[in-house]
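Listed next as C-alpha coordinates is one chain, alone, in the form predicted alone.
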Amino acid sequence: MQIGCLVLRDFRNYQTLSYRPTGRLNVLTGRNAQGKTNLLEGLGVLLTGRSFRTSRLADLPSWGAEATMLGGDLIHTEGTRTVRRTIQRLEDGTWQSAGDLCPWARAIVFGWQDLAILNGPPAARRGFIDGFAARLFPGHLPALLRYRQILARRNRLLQAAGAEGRLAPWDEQLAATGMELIDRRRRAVAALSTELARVYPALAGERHKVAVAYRTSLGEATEPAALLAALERRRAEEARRRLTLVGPHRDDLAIELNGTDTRTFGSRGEQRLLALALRMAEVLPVTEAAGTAPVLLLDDALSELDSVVGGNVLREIHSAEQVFLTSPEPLAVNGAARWIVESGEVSAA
(Lines give C-alpha, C1' and ligand atoms only; values in the text may rest on other atoms or scores of the structure.)
Protein backbone atom coordinates (compact mmCIF):
# COMPACT_ATOMS: atom_id res chain seq x y z
CA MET A 1 0.00 0.00 0.00
CA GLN A 2 1.14 3.53 -0.78
CA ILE A 3 -0.04 7.09 -0.35
CA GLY A 4 -0.31 8.56 -3.84
CA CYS A 5 -1.05 12.12 -2.73
CA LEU A 6 -1.93 14.12 0.37
CA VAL A 7 -3.99 17.31 0.52
CA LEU A 8 -4.17 19.36 3.72
CA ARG A 9 -6.20 22.46 4.50
CA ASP A 10 -5.81 24.30 7.80
CA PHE A 11 -4.01 21.39 9.43
CA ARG A 12 -1.47 22.38 12.11
CA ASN A 13 0.92 24.85 10.42
CA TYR A 14 -0.21 23.90 6.90
CA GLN A 15 -2.76 26.33 5.48
CA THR A 16 -2.85 24.48 2.16
CA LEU A 17 -0.68 21.64 0.93
CA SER A 18 -0.76 19.31 -2.05
CA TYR A 19 1.98 16.71 -1.77
CA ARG A 20 2.76 13.78 -4.06
CA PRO A 21 5.41 11.54 -2.46
CA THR A 22 7.31 8.74 -4.14
CA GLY A 23 6.13 5.21 -3.53
CA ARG A 24 9.37 4.18 -1.80
CA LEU A 25 11.64 6.20 0.53
CA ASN A 26 10.86 9.88 1.14
CA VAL A 27 13.40 11.89 3.17
CA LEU A 28 11.97 15.09 4.70
CA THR A 29 14.55 17.59 5.92
CA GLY A 30 14.32 21.03 7.47
CA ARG A 31 14.97 23.00 10.61
CA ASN A 32 12.98 22.33 13.74
CA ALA A 33 9.41 23.68 14.03
CA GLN A 34 8.93 23.88 10.25
CA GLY A 35 6.29 21.14 9.97
CA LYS A 36 8.08 17.82 9.45
CA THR A 37 6.33 16.02 12.31
CA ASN A 38 3.06 17.75 11.43
CA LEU A 39 3.34 16.31 7.92
CA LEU A 40 3.87 12.79 9.30
CA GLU A 41 0.88 13.34 11.56
CA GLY A 42 -1.25 14.37 8.59
CA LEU A 43 -0.23 11.25 6.70
CA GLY A 44 -1.12 9.14 9.73
CA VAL A 45 -4.53 10.78 10.18
CA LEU A 46 -5.28 10.23 6.49
CA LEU A 47 -4.51 6.53 6.83
CA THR A 48 -6.06 5.71 10.19
CA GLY A 49 -8.31 8.61 11.19
CA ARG A 50 -6.31 9.13 14.39
CA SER A 51 -3.33 11.23 15.42
CA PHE A 52 -0.29 9.50 16.90
CA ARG A 53 0.49 12.65 18.93
CA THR A 54 -2.78 13.62 20.62
CA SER A 55 -6.30 12.42 21.33
CA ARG A 56 -7.61 16.01 21.26
CA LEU A 57 -9.23 16.82 17.93
CA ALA A 58 -9.02 20.52 18.77
CA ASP A 59 -5.21 20.32 18.52
CA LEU A 60 -5.23 19.45 14.81
CA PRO A 61 -6.76 22.48 13.03
CA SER A 62 -4.58 25.51 12.40
CA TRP A 63 -4.71 28.28 15.01
CA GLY A 64 -8.10 30.00 14.81
CA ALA A 65 -9.55 27.63 12.19
CA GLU A 66 -13.02 26.17 12.73
CA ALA A 67 -12.31 23.07 10.64
CA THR A 68 -9.57 21.12 8.93
CA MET A 69 -9.66 18.84 5.90
CA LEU A 70 -7.39 16.00 4.85
CA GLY A 71 -7.68 14.14 1.59
CA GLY A 72 -5.63 11.88 -0.62
CA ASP A 73 -5.29 8.76 -2.71
CA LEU A 74 -4.37 5.40 -1.22
CA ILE A 75 -2.93 2.97 -3.75
CA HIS A 76 -3.63 -0.71 -3.22
CA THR A 77 -2.97 -3.78 -5.36
CA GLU A 78 -6.64 -3.71 -6.35
CA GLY A 79 -6.67 -0.04 -7.35
CA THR A 80 -6.70 3.49 -5.97
CA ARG A 81 -9.07 4.72 -3.27
CA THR A 82 -9.69 8.39 -2.59
CA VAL A 83 -10.09 9.21 1.11
CA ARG A 84 -11.35 12.44 2.68
CA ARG A 85 -11.53 13.37 6.37
CA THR A 86 -12.82 16.47 8.11
CA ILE A 87 -12.49 17.74 11.67
CA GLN A 88 -14.75 20.61 12.64
CA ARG A 89 -15.99 22.55 15.63
CA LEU A 90 -19.70 22.11 16.41
CA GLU A 91 -22.01 24.81 17.72
CA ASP A 92 -21.62 23.55 21.30
CA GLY A 93 -17.84 24.00 21.08
CA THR A 94 -16.97 20.31 20.80
CA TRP A 95 -15.02 18.89 17.87
CA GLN A 96 -16.16 16.13 15.54
CA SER A 97 -14.24 13.93 13.11
CA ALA A 98 -15.85 12.41 10.05
CA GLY A 99 -14.62 10.74 6.92
CA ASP A 100 -13.92 7.62 4.94
CA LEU A 101 -12.78 4.38 6.51
CA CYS A 102 -10.16 2.24 4.82
CA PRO A 103 -9.96 -1.12 6.64
CA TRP A 104 -6.74 -2.26 4.94
CA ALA A 105 -4.77 0.95 5.59
CA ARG A 106 -2.02 0.62 8.21
CA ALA A 107 0.66 2.99 9.49
CA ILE A 108 3.58 2.26 11.80
CA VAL A 109 4.98 5.34 13.54
CA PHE A 110 8.28 5.88 15.31
CA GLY A 111 9.04 9.00 17.33
CA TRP A 112 10.79 10.25 20.46
CA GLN A 113 7.80 9.16 22.56
CA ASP A 114 8.67 5.52 21.85
CA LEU A 115 11.53 5.66 24.35
CA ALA A 116 8.81 5.32 26.99
CA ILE A 117 8.27 1.73 25.81
CA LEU A 118 11.66 0.97 27.34
CA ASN A 119 12.07 3.37 30.25
CA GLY A 120 8.51 4.49 30.95
CA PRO A 121 5.74 3.06 33.16
CA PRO A 122 3.92 -0.23 32.39
CA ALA A 123 1.07 1.75 30.81
CA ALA A 124 3.42 2.82 27.99
CA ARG A 125 4.28 -0.79 27.19
CA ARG A 126 0.64 -1.86 27.38
CA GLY A 127 -0.20 0.98 24.98
CA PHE A 128 2.52 -0.20 22.59
CA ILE A 129 1.39 -3.81 22.50
CA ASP A 130 -2.29 -2.85 22.26
CA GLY A 131 -1.51 -0.61 19.29
CA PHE A 132 0.36 -3.45 17.60
CA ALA A 133 -2.40 -5.96 18.39
CA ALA A 134 -5.00 -3.57 16.94
CA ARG A 135 -3.08 -3.52 13.65
CA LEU A 136 -3.09 -7.33 13.61
CA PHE A 137 -6.60 -8.03 14.89
CA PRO A 138 -9.50 -5.71 13.91
CA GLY A 139 -11.49 -6.72 17.00
CA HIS A 140 -8.81 -5.77 19.51
CA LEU A 141 -9.50 -2.04 19.82
CA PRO A 142 -13.29 -2.43 20.30
CA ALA A 143 -12.63 -5.09 22.95
CA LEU A 144 -10.12 -2.81 24.68
CA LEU A 145 -12.63 0.03 24.81
CA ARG A 146 -15.30 -2.34 26.13
CA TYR A 147 -12.93 -3.62 28.81
CA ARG A 148 -12.14 -0.09 29.96
CA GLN A 149 -15.84 0.68 30.29
CA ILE A 150 -16.42 -2.47 32.35
CA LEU A 151 -13.37 -1.70 34.50
CA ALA A 152 -14.55 1.86 35.16
CA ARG A 153 -18.00 0.61 36.20
CA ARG A 154 -16.51 -2.03 38.49
CA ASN A 155 -14.19 0.49 40.12
CA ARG A 156 -17.13 2.81 40.80
CA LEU A 157 -18.91 -0.05 42.55
CA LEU A 158 -15.83 -0.78 44.65
CA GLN A 159 -15.79 2.86 45.74
CA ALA A 160 -19.45 2.73 46.82
CA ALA A 161 -20.22 1.54 50.33
CA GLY A 162 -21.86 -1.89 50.48
CA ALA A 163 -21.69 -2.53 46.74
CA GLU A 164 -19.65 -5.77 46.92
CA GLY A 165 -22.77 -7.86 46.36
CA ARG A 166 -23.34 -6.24 42.97
CA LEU A 167 -19.92 -7.08 41.56
CA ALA A 168 -20.71 -10.57 40.20
CA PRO A 169 -22.06 -9.59 36.74
CA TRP A 170 -19.22 -7.13 36.27
CA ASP A 171 -16.69 -9.76 37.34
CA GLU A 172 -17.99 -12.10 34.63
CA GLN A 173 -17.81 -9.43 31.94
CA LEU A 174 -14.36 -8.32 33.08
CA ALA A 175 -13.08 -11.90 33.01
CA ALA A 176 -14.48 -12.70 29.56
CA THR A 177 -13.29 -9.51 27.89
CA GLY A 178 -10.03 -9.46 29.83
CA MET A 179 -8.99 -12.94 28.69
CA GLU A 180 -9.91 -11.99 25.13
CA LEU A 181 -7.44 -9.09 25.36
CA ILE A 182 -4.75 -11.21 27.00
CA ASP A 183 -5.02 -13.85 24.27
CA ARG A 184 -4.54 -11.29 21.50
CA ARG A 185 -1.68 -9.61 23.35
CA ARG A 186 0.10 -12.95 23.76
CA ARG A 187 -0.24 -13.73 20.06
CA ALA A 188 0.98 -10.24 19.14
CA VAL A 189 4.01 -10.57 21.43
CA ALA A 190 4.86 -13.98 19.93
CA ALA A 191 4.84 -12.49 16.41
CA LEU A 192 6.84 -9.48 17.55
CA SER A 193 9.44 -11.60 19.36
CA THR A 194 10.19 -13.70 16.30
CA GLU A 195 10.78 -10.71 14.04
CA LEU A 196 12.63 -8.66 16.68
CA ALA A 197 15.23 -11.42 16.97
CA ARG A 198 16.11 -10.74 13.32
CA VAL A 199 15.65 -6.97 13.16
CA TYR A 200 17.66 -5.78 16.15
CA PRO A 201 20.97 -7.54 15.26
CA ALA A 202 20.54 -6.31 11.66
CA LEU A 203 20.26 -2.72 12.88
CA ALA A 204 22.97 -2.95 15.55
CA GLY A 205 25.37 -4.77 13.22
CA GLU A 206 26.29 -7.21 15.98
CA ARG A 207 24.99 -10.45 17.43
CA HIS A 208 22.60 -9.76 20.29
CA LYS A 209 20.03 -11.79 22.17
CA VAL A 210 16.85 -9.76 22.47
CA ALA A 211 13.71 -11.09 24.12
CA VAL A 212 10.23 -9.75 24.66
CA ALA A 213 7.60 -11.50 26.81
CA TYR A 214 4.10 -10.78 28.07
CA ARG A 215 3.85 -10.65 31.86
CA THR A 216 0.54 -11.31 33.60
CA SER A 217 -0.32 -12.40 37.12
CA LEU A 218 -2.46 -15.17 35.57
CA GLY A 219 0.56 -17.11 34.34
CA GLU A 220 -0.27 -19.34 31.37
CA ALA A 221 -4.02 -19.47 32.06
CA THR A 222 -6.29 -19.09 29.04
CA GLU A 223 -9.83 -19.35 30.42
CA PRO A 224 -11.97 -16.57 31.97
CA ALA A 225 -12.39 -18.80 35.05
CA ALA A 226 -8.76 -18.10 35.96
CA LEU A 227 -9.36 -14.35 36.00
CA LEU A 228 -12.58 -14.83 37.98
CA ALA A 229 -10.68 -16.87 40.55
CA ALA A 230 -7.97 -14.20 40.78
CA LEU A 231 -10.61 -11.52 41.38
CA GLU A 232 -12.10 -13.63 44.17
CA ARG A 233 -8.69 -14.08 45.83
CA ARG A 234 -8.11 -10.33 45.85
CA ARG A 235 -11.65 -9.43 46.91
CA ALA A 236 -10.80 -8.27 50.43
CA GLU A 237 -7.82 -6.21 49.29
CA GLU A 238 -9.84 -4.67 46.45
CA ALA A 239 -12.60 -3.72 48.90
CA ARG A 240 -10.04 -2.07 51.15
CA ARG A 241 -8.25 -0.21 48.32
CA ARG A 242 -11.45 0.34 46.29
CA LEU A 243 -9.69 -0.59 43.07
CA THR A 244 -9.57 -3.53 40.64
CA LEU A 245 -6.17 -5.12 41.25
CA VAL A 246 -6.02 -7.92 38.69
CA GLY A 247 -6.60 -8.03 34.93
CA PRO A 248 -4.92 -6.97 31.70
CA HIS A 249 -4.86 -3.33 32.88
CA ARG A 250 -2.18 -4.41 35.39
CA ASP A 251 -0.02 -6.47 33.02
CA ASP A 252 3.36 -5.51 31.57
CA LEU A 253 5.77 -6.29 28.77
CA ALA A 254 9.27 -7.53 29.65
CA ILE A 255 11.99 -6.50 27.17
CA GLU A 256 15.53 -7.76 27.66
CA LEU A 257 18.75 -7.26 25.70
CA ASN A 258 21.48 -9.81 26.35
CA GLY A 259 19.70 -10.82 29.54
CA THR A 260 19.46 -7.30 30.96
CA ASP A 261 16.23 -5.43 31.65
CA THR A 262 15.95 -2.55 29.16
CA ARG A 263 14.80 -0.20 31.90
CA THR A 264 18.29 -0.23 33.38
CA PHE A 265 20.72 -0.92 30.54
CA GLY A 266 22.77 1.14 28.15
CA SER A 267 22.83 4.58 26.67
CA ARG A 268 20.01 6.65 25.30
CA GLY A 269 21.23 5.81 21.79
CA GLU A 270 21.00 2.07 22.52
CA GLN A 271 17.52 2.48 23.95
CA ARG A 272 16.49 4.53 20.94
CA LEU A 273 17.76 1.82 18.57
CA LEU A 274 15.84 -0.89 20.41
CA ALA A 275 12.67 1.23 20.35
CA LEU A 276 13.12 1.66 16.59
CA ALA A 277 13.73 -2.09 16.21
CA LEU A 278 10.45 -2.79 18.02
CA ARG A 279 8.62 -0.65 15.48
CA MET A 280 10.45 -2.20 12.53
CA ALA A 281 9.61 -5.66 13.89
CA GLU A 282 5.93 -4.83 13.42
CA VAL A 283 6.23 -4.53 9.63
CA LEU A 284 6.15 -8.19 8.55
CA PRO A 285 3.40 -9.36 10.97
CA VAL A 286 1.22 -6.37 10.03
CA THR A 287 1.81 -6.99 6.32
CA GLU A 288 0.77 -10.63 6.69
CA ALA A 289 -2.30 -9.76 8.79
CA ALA A 290 -3.57 -6.88 6.62
CA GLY A 291 -2.60 -8.34 3.26
CA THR A 292 -0.73 -5.16 2.35
CA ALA A 293 2.40 -3.43 3.60
CA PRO A 294 2.03 -0.61 6.16
CA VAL A 295 3.34 2.89 5.55
CA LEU A 296 6.29 3.75 7.82
CA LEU A 297 6.34 7.21 9.42
CA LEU A 298 9.76 7.62 11.06
CA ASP A 299 10.33 10.89 12.90
CA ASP A 300 14.03 11.67 13.31
CA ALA A 301 14.82 7.95 13.50
CA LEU A 302 18.58 8.38 12.93
CA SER A 303 19.12 10.82 15.80
CA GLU A 304 21.70 9.71 18.39
CA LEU A 305 22.83 6.77 16.22
CA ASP A 306 26.38 6.52 14.90
CA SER A 307 27.03 6.48 11.17
CA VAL A 308 27.46 2.69 10.95
CA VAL A 309 24.21 1.92 12.76
CA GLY A 310 22.46 4.68 10.81
CA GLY A 311 23.56 2.99 7.58
CA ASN A 312 22.14 -0.31 8.83
CA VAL A 313 18.83 1.39 9.59
CA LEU A 314 18.69 2.87 6.08
CA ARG A 315 19.34 -0.56 4.54
CA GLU A 316 16.53 -2.06 6.62
CA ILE A 317 13.97 0.58 5.70
CA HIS A 318 14.90 0.29 2.03
CA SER A 319 13.32 -3.18 2.14
CA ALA A 320 10.00 -1.70 3.29
CA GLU A 321 7.46 -0.38 0.81
CA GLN A 322 6.66 3.30 1.40
CA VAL A 323 8.65 5.17 4.05
CA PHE A 324 8.69 8.78 5.28
CA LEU A 325 11.84 9.66 7.23
CA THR A 326 12.39 13.10 8.78
CA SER A 327 15.77 14.61 9.62
CA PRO A 328 16.90 18.09 10.72
CA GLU A 329 20.02 17.65 8.58
CA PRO A 330 20.23 16.90 4.85
CA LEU A 331 20.62 13.18 4.12
CA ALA A 332 22.12 11.81 0.93
CA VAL A 333 20.35 8.46 0.55
CA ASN A 334 20.61 6.47 -2.66
CA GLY A 335 17.25 5.92 -4.31
CA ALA A 336 15.37 8.28 -1.99
CA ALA A 337 13.20 11.24 -2.92
CA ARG A 338 14.38 14.26 -0.95
CA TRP A 339 12.03 17.00 0.24
CA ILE A 340 12.58 20.26 2.07
CA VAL A 341 10.01 21.30 4.67
CA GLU A 342 9.98 24.99 5.54
CA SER A 343 7.28 27.15 7.13
CA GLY A 344 4.49 24.73 6.33
CA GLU A 345 5.52 24.17 2.71
CA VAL A 346 7.08 21.11 1.06
CA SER A 347 9.31 21.31 -2.02
CA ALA A 348 11.60 18.89 -3.85
CA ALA A 349 15.26 19.17 -2.82
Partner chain sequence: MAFYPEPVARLIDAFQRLPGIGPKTAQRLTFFLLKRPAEEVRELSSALAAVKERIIYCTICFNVTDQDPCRICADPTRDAGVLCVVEEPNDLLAMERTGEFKGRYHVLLGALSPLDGIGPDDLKVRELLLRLEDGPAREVILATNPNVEGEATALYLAKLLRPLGVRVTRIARGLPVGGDLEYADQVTLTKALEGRREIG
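No experiment lies behind these values; they were computed from the predicted model shown. Positions refer to the first chain, counted from 1.
The form predicted together with the partner chain is left out here; the points below concern that form.
When contacts are defined as a non-hydrogen atom within 4.5 Å, none of 99, 117 and 127 contacts the partner chain in the predicted complex. For the options 208, 166, 242, 235, the residue carrying a heavy atom within 4.5 angstroms of the partner chain in the predicted complex is 166.
The single contact residue among 271, 113, 173, 193, judged by any heavy atom lying within 4.5 Å of the partner chain in the predicted complex, is 173. Taking non-hydrogen atoms only, residue 149 approaches the partner chain to within 4.5 angstroms in the predicted complex.
Contact annotation: residue 91 falls within 4.5 Å of the partner chain in the predicted complex, judged by heavy atom distances. In the predicted complex, at least one heavy atom of residue 157 sits within 4.5 Å of the partner chain. The closest heavy atom approach of residue 153 to the partner chain in the predicted complex falls within 4.5 Å. In short, of 118 to 126, 137 to 145, 200 to 208, 213 to 221 it is 137 to 145 that has heavy atoms within 4.5 Å of the partner chain in the predicted complex.
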